[in-house]
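Encoded as structure tokens, the following chain is the form predicted on its own, with no partner shown.
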């Protein structure tokens, strides 16, 4: 069966690039429920997956779709689901099941203006905290990557699948409507140039294999056998021991919670991806992520043309948050302007926390519908520039 990779240059939307990235990463199962602004990904998966021997299902709702993806992954398939804010809220219960059972798969969130149904076809960035803290019960860490372009939608989708296999957990692609609906050049390289992580299999007999490494909480690249390969696979929503059997013991809950948190937090050096532009001599920094990064970069260039020493910073892996990199920026500049498409300042709150008072942090928020204009951001830079 074909690998599905189609090298070449394409003029496509970010939503379509996400689908191509998933197929290139080896995704062979997709389940979702229709929602804007990410319907184009579902449509592309429905067309492309049968070409490579995969399966695309439209489920009865969001909850069913994320559980179907978890089941497919346990069965040995790389799998993905997608939604936007209201649908992501419904998927959170299933997400907790995937986190607890350490099941690798990818969840795509193409953010739109909210809360609730909001403006279904227009951009927002209000799910930043939802994906990090929305799953019930705490005791977990999450990984999320955010693209700013169609090309990154393809590249980072592959990286999401790789990180899901390495860390054995669900991984988010946190996109937004601007990225999803921007039609621009996508370059798909030769298959030999793509880095695709394959699932690690046990090398010990079934009687010696432990499904969950609770006594080594920080270990990654831990094997994941498929159902049907002879290994005991026990998955449930309950606290479990290393074999997967349910337990109500306090010490077992402690071990499992540490495993779900520490496998991410003890490997933070592998989870730092940031973009910096013109930061070498910057006295003022602009921070943005996702599609809103693009007008922010344009505003920085406008400021530079006026002789202002302004730089740009973007977290690409947004969770875990790059505290150390943000602190370096804060120690270098006097002021930081955070531009994001929500009024409550979700990203700016994290920037302020990570800055530890080393710089003044300001919010340029928006309720969404339209991304910021470069001139809006430039005017705010000019107002705050020391």
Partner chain sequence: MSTVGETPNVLHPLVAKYLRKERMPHMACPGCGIGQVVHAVLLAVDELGLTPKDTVWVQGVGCNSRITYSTWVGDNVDAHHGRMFAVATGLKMARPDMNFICFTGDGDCGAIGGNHFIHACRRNLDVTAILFNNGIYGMTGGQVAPTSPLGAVTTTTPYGNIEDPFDMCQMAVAAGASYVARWRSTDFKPLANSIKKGIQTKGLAFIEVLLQCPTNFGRYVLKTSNPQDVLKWIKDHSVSQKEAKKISKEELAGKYLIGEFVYRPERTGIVERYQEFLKKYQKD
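Not measured: the values here are computed from a predicted model. Positions refer to the first chain, counted from 1.
Just so it is clear, the following notes concern the form predicted in complex with its partner chain, a form of the same protein that is not shown.
- 244 is the sole member of 87, 244, 213, 126 with a non-hydrogen atom lying within 4.5 angstroms of its partner chain in the predicted bound form.
- Distance criterion of 4.5 Å from any heavy atom to its partner chain in the predicted bound form singles out 237 from the list 189, 115, 217, 237.
- Residue 227 belongs to the set of residues with a heavy atom inside 4.5 Å of its partner chain in the predicted bound form.
- Contact between residue 231 and its partner chain in the predicted bound form is found at the 4.5 Å heavy atom cutoff.
- Proximity of residue 72 to its partner chain in the predicted bound form: non-hydrogen atoms within 4.5 Å are present.
- For residue 55, a non-hydrogen atom is located within 4.5 Å of its partner chain in the predicted bound form, even though that partner is not displayed.
- In short, of 263-271, 73-81, 144-152, 181-189 it is 73-81 that has heavy atoms within 4.5 Å of its partner chain in the predicted bound form.
- Scanning 59-91 for heavy atoms within 4.5 Å of its partner chain in the predicted bound form gives 59, 60, 61, 63, 64, 67, 68, 71, 72, 74, 75, 77 in sequence order.
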